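Below: one protein chain in two forms, given as structure tokens, structure 1 then structure 2.
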Structure 1
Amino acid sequence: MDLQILTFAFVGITFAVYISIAFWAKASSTKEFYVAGGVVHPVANGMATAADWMSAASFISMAGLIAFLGYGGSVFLMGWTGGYVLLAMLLAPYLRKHGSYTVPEFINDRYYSKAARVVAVICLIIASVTYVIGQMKGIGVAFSRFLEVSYEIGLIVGIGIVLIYAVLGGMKGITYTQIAQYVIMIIAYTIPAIFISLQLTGNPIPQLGLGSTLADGSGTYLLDKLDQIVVGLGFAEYTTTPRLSMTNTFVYTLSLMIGTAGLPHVIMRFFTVKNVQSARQSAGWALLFIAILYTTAPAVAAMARLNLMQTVHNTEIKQLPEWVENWKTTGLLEYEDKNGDGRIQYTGNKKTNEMTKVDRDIMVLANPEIAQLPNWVIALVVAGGLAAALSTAAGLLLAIASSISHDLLKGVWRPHINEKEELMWSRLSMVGAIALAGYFGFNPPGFAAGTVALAFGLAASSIFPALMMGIFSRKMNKEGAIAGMIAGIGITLLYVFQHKGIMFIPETSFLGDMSPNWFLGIEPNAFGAIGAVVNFVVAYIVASNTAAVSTDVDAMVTNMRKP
């Protein structure tokens, strides 16, 4: 059947499912709107967390990134999964025990300070808004590329869907749509991977296929073959080449792990389960559902790279498969017959290489075509990519909306509004957050590309340390926490801006984006962990020189530490 009709059918069916869920899971109280009533099953929450966490970037870009970085891409695999260990042991159970609706509310209670709450809200909004812009762009691009509608119309349809289920259902509606989105996303990701693993190695499990011999009867291991080919053509060896220095790899991985554990839209998912035991269990389920995709991604990466090299290199231009031309028209892939021999030479030498552009996003999107899979698989991948973008966008929007209605409005400006008024305000905040995200979707700011790294940097250097000290240190006080957060964010922003430019405007970078100027060779995106260390140190120094916490706060910490 025609690809476009199939794609419309798949996307249409999945959207109908999301809307049906929205009407079924309407929120009738603030507790339902903020934390889905606190009755979500640990497995269901795990699945929703996985969908919440895995964005368009995880779904579309990560495997492509690994395909071109090889071992160097491991930073993202370890960094974006290891954070769940920290979350499960250092944050989630205790925050659930305390029982607040939002992350800034916990900061407010623990540090008995509205100022601390406002600082937390600002960090949360910066981190979440920068993150949501990427999702909006992903939605628009997916529509424009596969459904042949314009970017703007695609964006409006996407925003409309989120608007319906997020405004009606709040966390409750979002949770149940995220479960549906996870199922769609994981099927869409694994089916092409299984087919390709079968084709290349005869093993249907991609995780095992990656370590197997090739099915061509040569007895050569897939990874050895890949290493041979890439090295032979002048590229860096796939399985051993690190990205930048070992110190940088170490610090970057740590920053991503701490950042993951500190992202508010992930943390607040653990407020929706019944109790402490469920929160711990649920973190395990979340990582299980994430790991299904994250352990498949390296297989997709290596196999797609191998397929790409073997299909393209030394092939006559007239004989190139159809997908090469299809992707060439999108501008994501370009070639140029520099030596005029009518064949493509794909090499690591910039001068002679004739594949002049291969966008990394192609690796997942074109994978089904490269492996000559049927059209319905491609349609499924599009629906999966949209599910990934929508589920993450919804989670982020809820984090923003609840921090406005619950933290700023109810918590600081107008504490006397009643439950019904707050519910109305939470819905209005959601509409506002969606409008803001939509605005940035239509007018993507110039600094958008660099900002997701900033979201991790902020979460790592401000939110994670403040939460952790609030649980593990009885002595940490208001002064220490605020000074720590400001110092952590301050040094991280300063480092990023001095290399990348103020608000990412390159002309304003006073040190230039040059690796010799990096502190210990650490790239700006990896600086969150250093910011976190500064946060801890400053907080301890300030706290030990200022007034001790009251007995009420001490009792609160004691309560969190009980089962």
Structure 2
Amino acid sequence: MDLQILTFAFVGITFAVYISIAFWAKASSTKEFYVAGGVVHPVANGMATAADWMSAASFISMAGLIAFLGYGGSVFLMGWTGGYVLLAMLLAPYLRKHGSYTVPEFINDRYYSKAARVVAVICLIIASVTYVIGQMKGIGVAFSRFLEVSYEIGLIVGIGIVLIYAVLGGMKGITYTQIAQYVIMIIAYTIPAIFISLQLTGNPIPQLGLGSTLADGSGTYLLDKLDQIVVGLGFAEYTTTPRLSMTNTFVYTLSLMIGTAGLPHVIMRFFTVKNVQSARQSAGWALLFIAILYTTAPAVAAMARLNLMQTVHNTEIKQLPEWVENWKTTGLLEYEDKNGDGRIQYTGNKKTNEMTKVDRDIMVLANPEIAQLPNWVIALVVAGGLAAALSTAAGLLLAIASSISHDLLKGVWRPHINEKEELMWSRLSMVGAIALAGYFGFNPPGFAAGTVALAFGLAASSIFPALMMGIFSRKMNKEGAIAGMIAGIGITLLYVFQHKGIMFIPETSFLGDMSPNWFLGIEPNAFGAIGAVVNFVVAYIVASNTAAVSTDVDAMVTNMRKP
């Protein structure tokens, strides 16, 4: 069957499921809108959390980054999964025991300060808006290629779907929609990986295929073959060359870990379960569900890179496969016959490289086409990519909307509004957040995962320290928390904007490409960990020179930390 017809069918069916769930799970109270009534089962919440977490960056961009960065791309795997361990052990149980609806509400109660709540809202919005940009681009990329519509039309359709199920159902609708999206997403990601692993190695398990010998009978291991090809063409070795420096790799990993643990839309998921035990169980289930995709991603990355190099390099332009021309029309893939020999030389030398643009974000979506898999597999991957982008976008938009309606309006400006009015304002805030996300979707900076990595740095430098000190330090007061959040996110933003022209590093980069102006050789996307250190230091200095916390706050912290 024709690819476009299949894609419309798969995407249409999944969108119909999302909209049906939205009408079924329409929120009728603020508790349902913010925390799905607080009665979500740990397994269901784990699945929804995994979908909320595995965004377009995970589904579309991560394997593409690993495909070009190789060993250096491991920071995303270690950082994003390691952050869930921190979240499960250090934050989720305590925050659930406190019983807040939102992160700024917890900060308000713990530090007994509306000013701290407002600062937390500002930090949340900055991080969440930065994060949602990547999801918007993921939606546009998938639509523009496979539904043969413009990027703008694809983005409008995606925004419309999110508008329906997020505004109607709030957290309740988003939760059950995300369960469906996880199922679609994981099937869409693993089936092509199984096919390609069988093709290349004869092993149907991608995780094992990555370490297997090729099926051509040569006895050569897949990764050895990939190293031979990329090194021979002038690229950095795939399996052992670190990206930039080990210091940068360590700090980048740390930034992604504590950024994960500080992302409000992820933390909010643990407010939807019944009790502390369920919050811990949810984190465990989420890690399991995430691991299915995250252990598959390195295999997808390596196999996609191998297929790409073998398919394109030194091929006559007249004989280039159809997928190359298809992606060329999107502007995400470009080539130029610089030497006029009628062939494409794909090399690591900028002067002789004739593949002038290979957007990392296309690798997962193009992988089934490169491997010449059936059209239904390609259509399935499109549906999965859209599910990933939509699921995380919805969670982020809810975090933004709830911070405006619940934390600013109800918590600061109009504390006496009734529940019906608050629910109305929650939905209006969601519409406004979607409009803002749409604007940035039409003007996306950089590629999806790079933008997302910056969002993690912003969360790491502002929200995570405030939560950690709020839970584990009885002496931390509102002055310290406010000063720490402002200092942490301020220095991170300053560093990022100072180096904005060199935020995204070419695929051929390794040790020699660091900017001499980078602090300790740390790139802007990794600076969130340094911002977090600044946050902690400033907070403790200010707290030690201002009034001590009240006995009520001390008792709150003690009670929150009781088993």
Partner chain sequence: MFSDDYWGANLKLITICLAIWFVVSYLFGILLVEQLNTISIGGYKLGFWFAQQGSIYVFLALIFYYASAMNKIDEKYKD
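Counting starts at 1 with the first residue of structure 1 and goes up one by one along its sequence. Only the largest set of C-alpha atoms that superpose within 1.5 Å between the two forms is called the rigid core. What you are looking at is a predicted structure, and each value in this text was computed from that prediction instead of being measured.
The second of the two standalone chains is derived from the form predicted on its own. After superposition on the rigid core, the Cα atom of D109 is displaced by less than 2 Å between structure 1 and structure 2. S100 shows a C-alpha shift below 2 Å between structure 1 and structure 2 [criterion: core-superposed Cα displacement of 2 Å]. Relative to the superposed core, T81 undergoes a C-alpha shift smaller than 2 Å between structure 1 and structure 2. For K357, the Cα shift between structure 1 and structure 2 is 3.2 Å when the rigid core is held fixed in the overlay.
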